[in-house]
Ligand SMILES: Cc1cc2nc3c(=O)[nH]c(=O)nc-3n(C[C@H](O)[C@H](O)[C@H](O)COP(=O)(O)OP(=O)(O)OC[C@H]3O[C@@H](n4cnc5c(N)ncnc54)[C@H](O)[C@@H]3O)c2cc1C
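So this first bit is one chain, no partners, the form predicted on its own, shown in structure tokens.
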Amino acid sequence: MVPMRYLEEMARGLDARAALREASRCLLCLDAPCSKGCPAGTDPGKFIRSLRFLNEEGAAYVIRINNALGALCARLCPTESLCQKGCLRAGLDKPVDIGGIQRYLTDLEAENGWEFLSPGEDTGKKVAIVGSGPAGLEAAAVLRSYGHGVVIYEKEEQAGGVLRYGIPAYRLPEEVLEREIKRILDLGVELRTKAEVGRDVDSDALKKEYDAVLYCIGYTKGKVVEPFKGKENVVSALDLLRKIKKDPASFKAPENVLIVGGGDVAMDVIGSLKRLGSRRLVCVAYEELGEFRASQKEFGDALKEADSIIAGYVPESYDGKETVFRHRFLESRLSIKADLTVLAVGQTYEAEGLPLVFEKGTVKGTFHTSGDPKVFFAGDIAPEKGKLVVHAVKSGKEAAMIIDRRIGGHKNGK
């Protein structure tokens, strides 16, 4: 049986009164710096203004037409470092809770059954999307709004990518994810699961069948660094989180766990294992506290769950279940023995059999376009800055617009 603490959403949303109160705190800035701070262009300034004047449906419309994954971003975005960072209200007291308002409105959208997305007039063009993570899903919604046919190829059993297999249930409830994916599929997007391009599906065949192929494969493989390569009782954080999400009921949490890393993925491991029954969780990171890559919110939540978070140490040796670390700057060593060691030290791609050329971890190309006129890319593998879900949404939107211009359609005068 899965502990309810793992399944229940950690943070409670705003009710109607609280959401309206937050909206009333908005200074209605003419240039809306909050909107400029949203990578996905969700336009907080506009939807907050609509809510403030009691137009809830109009506010939800603004979110959805700009971001097909608006309900997910409302829960997952580190708003303190994006839209809320530009909020001028912070000069008076504190920023407007933009993420809370967005969550309230998208939840209200679901409760009322509002549907704002619709497919465009059919263009006769077809696009294949490889990967159904946030970049692929957003691109599918945009391409359908232009009237292009879309088929998504997904190697896993279900759509969602990192949203499905990487983000813990207490941060992103299953029903919210299912609702967002269904909304996009209902636009007429075809989904083919258990179809890995490069192995089950030939990439050259896709180019012949479709007018364009968009690769959104994501960073799905966890990195393993020395001295842990080939060792027992060591697992990548991505593999662990995927195993938990696929079957949390049968997952047996180890008693004592060492987590190596200081980003959001490491924090997700801490929260997941604590909720599933691990007794002792120690996190050791290369970064010093001021350098941690985790968002403020995720780091704050992990501080409540972890038994120890130790900063500034580099793994030096590993033997059986014991890791020895040395400090980056001080003459200091640290030895920790644990039942399981989880590596959250970065991710990379798996692209065997794909027509992509990589350089320094991203695809070699210019703004989502490769050297092949039919091949495009978006998401983690794109060289543009940022690897958050909201950055993937931005990347998917951009790639879809470029593809539309390349293949033609009613948006281009037809």
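Sequential numbering from 1, following the sequence displayed. Since we're looking at a predicted model, the values are computed, not measured.
Quick note: we don't show the form predicted in complex with this ligand, though the next part is all about it.
Chemist: Please tell me whether the candidate spot formed by 134, 153 and 216 is one where all three residues come within 4.5 Å of this ligand in the model of the complex (heavy atoms).
Modeler: Looking in the model of the complex, the three residues 134, 153 and 216 all sit within 4.5 Å of this ligand (heavy atoms).
Chemist: Given that this ligand is left out here, which of 83, 265, 140, 105 has a heavy atom within 4.5 Å of it in the model of the complex?
Modeler: Selected option: 265.
Chemist: Though this ligand is not shown, can you say which of 375, 65, 345, 388 has a heavy atom within 4.5 Å of it in the model of the complex?
Modeler: The residue in contact is 388.
Chemist: Heavy atoms within 4.5 Å of this ligand in the model of the complex: which of the stretches 319-327, 305-313, 141-149, 162-170 has them?
Modeler: Among the candidates, contact is made by 162-170.
Chemist: Would residue 392 show up as a contact with this ligand in the model of the complex if we use heavy atoms at 4.5 Å?
Modeler: Output for residue 392 is yes: heavy atoms within 4.5 Å of this ligand.
Chemist: May I ask you to check whether residue 195 falls inside a 4.5 Å heavy atom distance of this ligand in the model of the complex?
Modeler: Flag for residue 195 set to yes.
Chemist: Is residue 294 a contact residue for this ligand in the model of the complex, using a 4.5 Å heavy atom cut-off?
Modeler: Close contact is absent here: in the model of the complex, residue 294 is far from this ligand, nothing within 4.5 Å, heavy atoms only.
Chemist: For residue 298, is any heavy atom within 4.5 Å of this ligand in the model of the complex, or not?
Modeler: Yes, residue 298 is a contact residue.
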